[in-house]
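One chain comes next, on its own, written as structure tokens: the form predicted alone.
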Amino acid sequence: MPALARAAMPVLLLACCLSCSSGGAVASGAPDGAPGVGDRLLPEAGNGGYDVSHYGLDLSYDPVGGRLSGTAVVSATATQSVSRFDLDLSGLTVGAVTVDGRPAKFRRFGTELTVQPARQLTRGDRFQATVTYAGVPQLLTDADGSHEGWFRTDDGALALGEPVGSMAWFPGNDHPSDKAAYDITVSVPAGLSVVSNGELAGTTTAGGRTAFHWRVTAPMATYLATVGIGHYDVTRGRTRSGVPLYEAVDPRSDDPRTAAAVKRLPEILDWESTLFGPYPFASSGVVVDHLPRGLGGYALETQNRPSFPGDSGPPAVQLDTLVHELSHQWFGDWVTPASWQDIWLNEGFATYAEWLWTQHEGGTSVDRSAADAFAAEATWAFPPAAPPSAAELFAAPVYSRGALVLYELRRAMGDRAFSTLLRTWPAAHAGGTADTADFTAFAQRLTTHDLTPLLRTWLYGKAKPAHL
């Protein structure tokens, strides 16, 4: 997500649907999975007791009425003995739930779908929970006042889910610590297109509708899943290094800056590969769409195909934003934060990538960008690894002070060791998750210089240092 795209909005509470439907009473007495992983900033996000390996989503969407219906098959392994477990799902009406083909009792409370299988699951059991559901997906309002979830457009929809918006359109374990593979099939009226993450595995047309099947084999966090539905100009190509590209652009995105930025995507991707190591996914590209005015406006690093929604305002794609979101493919998508307080590992790296690109283009030097960030009062509101609440999840310190941590590491470690850090950190946790302690330990192993004072001041310190 680009710097400060959401931080200026008023503070509201996360929207929560308090409707309740039931497939029967849920018994208690045996050990149960927790309704939330206990994330410090978003304690109700995700769920305990199981680990998801695959989501199979078979969906149908009606753009006229906005109705989404379908089936989600969640393949998982129990990490403890559970008599019941939760899935995150906001709104939408659940028709039935089965576990391993047997009807399961369920109940709804807020954004929790609590499922009681016919038999208790024991640690190590593999199981499939199948949820049939339907309704008109709603937007969620986050603690910073911004929106996420399912955005209806005038010709379709666009799903954006950071930090917890994926639960607006499918049930799951909605926390970055649980990554999985996906098969996403969406049926829409013939003439419309569907673009998603991963690779297009096939299309079928029958009865005036076309189903698009997208397959994601690389592990992906729920917040990085996307679906775009509408009219798109689709361009396929390759970078000079051979990475396939799939670019889906709303034909109304006629601002010349958008076209100019997208045209440079192959160049940016190859340039970032020289800095951060080989591009980690099977393909890349973009989704550019138009949202109703006032609802969008922020780009998102949706895995292997970043999304750039415009809302009839500024151009949908700007060059520095494209650099930012593409760098997230290494920092955030390939290596994903273990908890939301580690989000600086995404945004600090992506902001630093912007500084490097600007200097590479002959513009502002990295030193000048760092000095500007240092001088900005908003940079020092809190330590980058300790946002005080969910409302500050995307605030200035996460981005600019996070980038300053990297700037100071380069000065302390030296260019050679720091370049090694940029290339090897994504590979060290390839396809997995990591936290701030993992990163600082990794950086320390690459240098004989004691990084403790630096980290105490720049990463964890509350006071602004005397000088840069």
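Start at 1 with the first residue shown and count on from there. Just so it is clear, the model here is predicted, and its values are computed rather than measured.
The form predicted in complex with arginine (ARG) exists for this protein as well; it is not shown, and the discussion that follows is about that form.
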item: Arginine (ARG) contact at S146 in the predicted bound form, heavy atom, 4.5 Å; value: yes
item: Partner contact for V288 in the predicted bound form: arginine (ARG), 4.5 angstroms, heavy atom; value: no
item: Non-hydrogen atom contact F394 with arginine (ARG) in the predicted bound form at 4.5 angstroms; value: yes
item: Residue contact check: Y298 to arginine (ARG) in the predicted bound form, 4.5 Å heavy atom; value: yes
item: Heavy atom contact within 4.5 Å of arginine (ARG) in the predicted bound form, the stretch among 300 to 308, 276 to 284, 356 to 364, 210 to 218; value: 300 to 308
item: One residue of G172, P384, G198, P163 in contact with arginine (ARG), assessed in the predicted bound form (non-hydrogen atom, 4.5 angstroms); value: P163
item: Those residues of 328 to 358 which, in the predicted bound form, come within 4.5 Å of arginine (ARG) by heavy atom; value: H328, E347
